[in-house]
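Single chain ahead, written as C-alpha cells, the form predicted on its own.
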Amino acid sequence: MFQACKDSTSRPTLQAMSRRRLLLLSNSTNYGEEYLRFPLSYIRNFLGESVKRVLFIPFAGVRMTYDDYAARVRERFDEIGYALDSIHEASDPLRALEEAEALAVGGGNTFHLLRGLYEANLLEAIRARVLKGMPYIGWSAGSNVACPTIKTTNDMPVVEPPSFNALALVPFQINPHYTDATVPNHNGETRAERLLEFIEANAEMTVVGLKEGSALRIEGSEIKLLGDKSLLVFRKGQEIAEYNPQDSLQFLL
C-alpha cells in the first residue's frame, strides 16, 4: 500500500529538523556547460571528506535508462572523489538506503520520480535518514521532492503518483529553473503568474523561485542561498519579495 509522508503539508518543527543537511539545486547544468559542471564545487564543499560513497536515485529519468543516468552522474562524482552507487542496482533498496552515507536525487520528470519513490516504498525511509543527519543532494526534480508537495514543479504529469505529497524536508515549496523571461508574441502565463495562482489556492504555503545556477544549503535551522543570483519569495497577500545571497532567509524555516 502506498502511503504519503506523515504530516507532509505541515510545518516541520525545528527540533525535528535540527540534524538535516540539504543541498537543493535549481538545475544540474548551466547553459553551454558540461553536465553537472557548475555545482561540483558546491557538492564537494557540502559532502566534505567524511563521505566516501553516495547513493543515487535515478527515478526522474524518462528518456534515458537508469543505467545510463547513473553512469553520467557517476562520472562527475568520481571527479571530486566520491564513489556512486545507484539504488536501482541494489537487490534490497531499503537496505541500500539504510547503509548510505549520503543521498543524491537527480532531476528529470518530478512526477516520474515521485511515483518511483512511492513504488519502492522509499519516502518515509529517506525522510527518516535525513532527519538523522544523512546529507541529501537534489537537483531540479530532486529538489522538488524535498518539499511538502511537488505542486510547484514545471514538469508535465507524464505519470500519476499516488499522491502529490513528498518528503517535507523543508516547510516551503521550490520552483526550480525559475525565470522572469517571457516569449515574444506568446500569451501564455508567466512563471510568476502561475506561482501566484498556486499561493491563491494554497494560502498557507510559501514558494521560493530558485533561479538556474543557484542552490539552497540547509544545515539544521540555518539556510543560505548559493550562487550570484537572487531568489523570489511568493506568499499570499504579499508582494513578491526578492532576496540576494547575502540576505537572511531564516524566515523560510
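Since the structure is predicted, the reported quantities are computational estimates derived from the model, not experimental observations. Start at 1 with the first residue shown and count on from there.
Just so you know, the form predicted together with a further copy of the same chain exists too; it's not on screen, but the next bit is about it.
Of the candidate stretches 79-87, 96-104, 160-168, 126-134, only 160-168 has residues with heavy atoms within 4.5 Å of a further copy of the same chain in the model of the complex. The partner is absent here; in the model of the complex, the one residue of 204, 189, 219, 68 having a heavy atom within 4.5 Å of a further copy of the same chain is 189. Mapping the unseen interface onto this chain, residue 53 falls outside it, with no heavy atom inside 4.5 Å of a further copy of the same chain in the model of the complex. Not displayed here, a further copy of the same chain is approached by residue 150 to within 4.5 Å at the level of heavy atoms in the model of the complex. When contacts are judged by a 4.5 Å heavy atom cut-off, residue 48 does not count as touching a further copy of the same chain in the model of the complex.
Taking the partner from elsewhere, residue 224 is found to have every heavy atom lying beyond 4.5 Å of a further copy of the same chain in the model of the complex. Contacts to a further copy of the same chain in the model of the complex (heavy atom within 4.5 Å) from stretch 195-211: 195, 196, 197, 198, 200, 201, 202.
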